[in-house]
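What follows is one chain in structure tokens, specifically the form predicted on its own.
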């Protein structure tokens, strides 16, 4: 990472006029409400125009990847949902799919578990986009949209709380399926959400999409073209807002996404407004997916019949000695994949989330590496804001929809 000298002024030469001018160095953050976490951006300013912007990260570093190398695979779940804590269920499902691929048991996972994970994944996507749009609007002075978004976010939290007892960090899915079956009122709550949520989307649309102040603050702001977006490795709405129709659910489908009918929202303008439109339409597409999944949610087992991987049922643990022993061994030592390595990607709300795992045959990952979308997308900030005004940095960070918990890990 580039070292920032402790100077407040620097001399630069204008390439057009040849005149010398002085730039001022300004720290934005790390304790700034609009940096969406503890992010420090060092701005080099010529007046109010940004000559250079250098993001500094690491203030929230927890060493999650290294921690996961000293615990069993199942014990990693409470760590993965604390990376992107605005879509924790998506992180969990991505990790579970990577471990199932490492074990080679993808085909053994029951359809009920896969369909439930699709529903929960898309609820997590909507939940994340609601926060992204709401906080971006709040940063730029639009408070009403933020309140409408958070109202529906609470409704999703109620569904997640019914499913697993947690609201924010939902350590629910397990390798091999689900730990418990879905609650009896799950389908009713999801269908109620499908009825109510479109009304809120319509209200947010009326508040923002054609709002003159919102358009002025986001249109032609934080621009990045498709070529630069691809070169920087951007993914998610940040990439699709620049006209590149890449979505992991379509490119390399998982959880049966190839069987669902949905579109990939793409905009071509490459600015903050285009990224807002992509996120907004993605919520409509998530509703389409959830509706199809809930209509086709099958009955049957919710966990795979894999005694070496999946814990026995509680009643068997309490009544059968063999089950008690198996439960003890799986919890204490964990299951042991064959030596090898695997990589698996999912379409997180913020972009491509990829897990890389190496097994040495023990019950713990020899190596776990996370390719997080917020971390990679953060690279675009400097490119987006050079030549812009200070106020546009706020719009740029909000339009990237980063989470520092995943950037620093």
Partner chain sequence: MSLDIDSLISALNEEFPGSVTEKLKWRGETTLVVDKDRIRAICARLRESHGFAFLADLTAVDYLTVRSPRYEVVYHVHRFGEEYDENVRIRLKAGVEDADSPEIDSVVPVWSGADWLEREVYDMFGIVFSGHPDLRRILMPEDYEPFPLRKDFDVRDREASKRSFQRALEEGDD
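Model, not experiment: these values are computed from the prediction. Residue numbers count along the first chain shown, from 1.
If you look for the form predicted in complex with its partner chain, you will not find it shown, but the lines that follow are about it.
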Quick check on this chain: which one of 77, 190, 310, 102 has a heavy atom within 4.5 Å of its partner chain in the model of the complex? 102
Of these, 54, 34, 51, 26, which has a heavy atom no more than 4.5 Å from its partner chain in the model of the complex? 54
Establish, in the model of the complex, whether 135, 150 and 155 all lie within 4.5 Å of its partner chain, using non-hydrogen atoms for the distance. no
Does residue 301 make contact with its partner chain in the model of the complex, using a 4.5 Å heavy atom cut-off? no
Could you confirm whether residue 175 comes within 4.5 Å of its partner chain in the model of the complex, counting heavy atoms only? no
Is residue 38 part of the interface with its partner chain in the model of the complex - any heavy atom within 4.5 Å? no
Considering non-hydrogen atoms and a 4.5 Å limit, does its partner chain approach residue 126 in the model of the complex? no
Based on heavy atom distances of 4.5 Å or less, which listed stretch (239 to 247, 88 to 96, 311 to 319, 324 to 332) is in contact with its partner chain in the model of the complex? 239 to 247
Output the sequence-ordered list of residues from 251 to 287 with at least one heavy atom within 4.5 Å of its partner chain in the model of the complex. 251, 264
